[in-house]
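The chain below stands alone, shown as structure tokens; this is the form predicted alone.
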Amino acid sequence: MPDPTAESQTAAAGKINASSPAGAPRIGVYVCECGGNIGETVRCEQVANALGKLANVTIARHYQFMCSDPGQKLITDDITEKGVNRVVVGACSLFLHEQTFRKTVERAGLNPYLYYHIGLREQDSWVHHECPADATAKAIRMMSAGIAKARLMQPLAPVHLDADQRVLVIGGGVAGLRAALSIARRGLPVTLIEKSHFLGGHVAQWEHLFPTDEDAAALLEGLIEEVIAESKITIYTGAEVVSTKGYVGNFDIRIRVQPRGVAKDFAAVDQAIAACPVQVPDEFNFGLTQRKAIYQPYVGCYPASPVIDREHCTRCNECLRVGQNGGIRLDEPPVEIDLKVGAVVVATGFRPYEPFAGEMGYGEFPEVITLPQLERLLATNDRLEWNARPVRRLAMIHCVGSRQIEGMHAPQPDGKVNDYCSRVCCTATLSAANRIHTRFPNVTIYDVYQDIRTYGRGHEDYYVRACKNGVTFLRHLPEEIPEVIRSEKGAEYPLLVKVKDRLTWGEEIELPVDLVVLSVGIMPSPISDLVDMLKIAPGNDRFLLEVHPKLRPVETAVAGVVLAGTAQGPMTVQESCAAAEAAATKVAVLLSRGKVELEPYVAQVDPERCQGVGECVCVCPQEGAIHLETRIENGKMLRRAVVTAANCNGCGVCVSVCPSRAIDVQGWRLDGFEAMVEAITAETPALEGVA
């Protein structure tokens, strides 16, 4: 490894231009070899030598790992000893090490925004691996452009805002509960809202959780008890967001809380439920059973008081005759509550994929059910029966509603198919198969799959156990979708599953069965209204999108709005809780000091040039980021654009429409762009001798 104190052999190396005027750019240039990721393609020493010839470059170095402690020390020493006041680093991704180098120059007493980063790895060495000479020339041009920008850089200061320390958590499933509890234990008050009238989400519907085989009800009950015992958490069920405005640290959010319609101390609950004549499919049991319009989903639910389903209530008043003391309140109006919060955690969960009518017999044959329905069937019955007949043979079909192929599968209402893997359904299917074998050992189980993806720690054990339990596996190609048909009249088994099995070299096999279970995938909850209000972005799979899956895994592009659990993508309960803890940590760090710090890359108006035309206001995509103000100067009434830095995301749309060029984005001024373009295209002495 090169000596970290050694300078490149350039004419400018180690020399300070004493004739430079005070405050003139004294640029330090640093080319990282990135352990060979860059250096095996780009001739880094040659790049440093060439850049040392450019104007205002005080020092030019190359080093194997600039991000290492010795590499950072090179930079800090040059700032303190050689008077470097601008830093340009050519290295790997900006997303990996921008903060590293910012902190480096700041430690040396230099404004952290007087550093500029060039991505030599992703934009050069990795894409030109077979052309080292051309890659070297390109690196010199890219770095030259960075140096041109550095000459014009000015110190910037972050935007500092006072922040409300209260947090809103949207969603009362396991991720929302865990996030709320973790935030509250860090000393921040939390408002938790849940759209349904009961907490727990889908975990309340499961009997056991993989890979630990924990009792789901016991785990959820313990978590809810901890949440309701925490004094810093305020809970609203039957609540949803109806409007939002503001910015990180200062969100104004209005929620609407639907009344339960049943008094908390109403003693005649059972009689009122019995009196209700309405019967609707029970969503808690995925439609396997019926419930009344006044109901509790399950024993032990929280809150424990029942609720009136106003969508299906026919106002027959039968329950009122039981609740004559005022226990039933059919005309109770919703309540709107205004909240002021500093951050928002979105934990809106998922919904199981609902097969289309006729998809693999679903909705066509009553013997075709989904895996969630099977879970409720196992949880509520001591015997495995369907339509009053014992289940002797059962086929489980994977990837229904996941890994779909455009043109082969019916699209969702938005025109897209679910081409993603739902991750958890393979292990969930194997877990159910093993439980069926344990409880009903005489049942024959067929597992029909494309691929089995037991990706998590301990998940593969379910596959091994299923093999040992005698589960018969059949594998089909993605384009050869299994077919479920009705058996001939008088047949012993009501259904046939036809599959071309690739484990037996494409043999066409018919499986006579009593029950077909479709292992359905996961889809995000329908929250398009919330997405629009918070201005957060869904990905191609419709789940909410994080800024970066590794570097900023729970943050959205909207400062102060973070994600938790399956709102972000398919996850196990363990993963959802881990994501919730990450979201809680991010929020606590953001708000714990009562102030937030934002990047300074926001629009800035030159009042001397601004003519008050207002084109910038018309095109700005960020609500409240820029507006026109009327003021009086020297007896004249003038209109000027004014930027609210907290709402501006620095997109630069306003810059493009200003007729007088009165607007620039701090740190990304137009003159900087122009200088970079000129530098990258110009004939430069730095390229001499590159071959």
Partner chain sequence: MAADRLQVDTIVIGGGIAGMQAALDLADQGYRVALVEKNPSVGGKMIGLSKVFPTLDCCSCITTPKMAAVAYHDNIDLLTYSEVQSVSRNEQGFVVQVLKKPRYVIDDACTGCRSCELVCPLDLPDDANEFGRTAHRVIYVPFTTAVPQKALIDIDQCVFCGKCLQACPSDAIDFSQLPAFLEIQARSIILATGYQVTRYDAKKQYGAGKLRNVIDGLMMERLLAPTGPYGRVLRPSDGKQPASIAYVQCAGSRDETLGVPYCSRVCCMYAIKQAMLLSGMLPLADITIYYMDIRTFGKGYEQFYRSAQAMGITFVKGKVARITEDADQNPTVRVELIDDHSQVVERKHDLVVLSVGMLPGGDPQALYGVPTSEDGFVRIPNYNVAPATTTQEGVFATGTAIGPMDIVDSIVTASAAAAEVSAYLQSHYAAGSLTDAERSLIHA
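Note that the coordinates shown come from a computational prediction; the quantities given were computed from them, not determined experimentally. Residue numbers count along the first chain shown, from 1.
Beyond the structure shown, there is the form predicted in complex with its partner chain, which is absent from this document and is the topic of what follows.
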Contact flag, residue 192 vs its partner chain in the model of the complex, heavy atom cut 4.5 Å: no
Distance check, residue 553 to its partner chain in the model of the complex, heavy atom within 4.5 Å: yes
Contact test in the model of the complex: residue 340 vs its partner chain, heavy atoms, 4.5 Å: no
Partner contact for residue 223 in the model of the complex: its partner chain, 4.5 angstroms, heavy atom: yes
Proximity to its partner chain in the model of the complex (heavy atom, within 4.5 Å), stretch among 306-314, 591-599, 346-354, 283-291: 591-599
Full three-residue contact with its partner chain in the model of the complex, heavy atom 4.5 Å, for 362, 443 and 474: no
Heavy atom within 4.5 Å of its partner chain in the model of the complex - residue from 615, 606, 318, 581: 581
One residue of 448, 168, 544, 391 in contact with its partner chain, assessed in the model of the complex (non-hydrogen atom, 4.5 angstroms): 544
Residues in 185-213 close to its partner chain in the model of the complex, defined by a heavy atom within 4.5 Å, in order: 185, 186, 209, 210, 211, 212
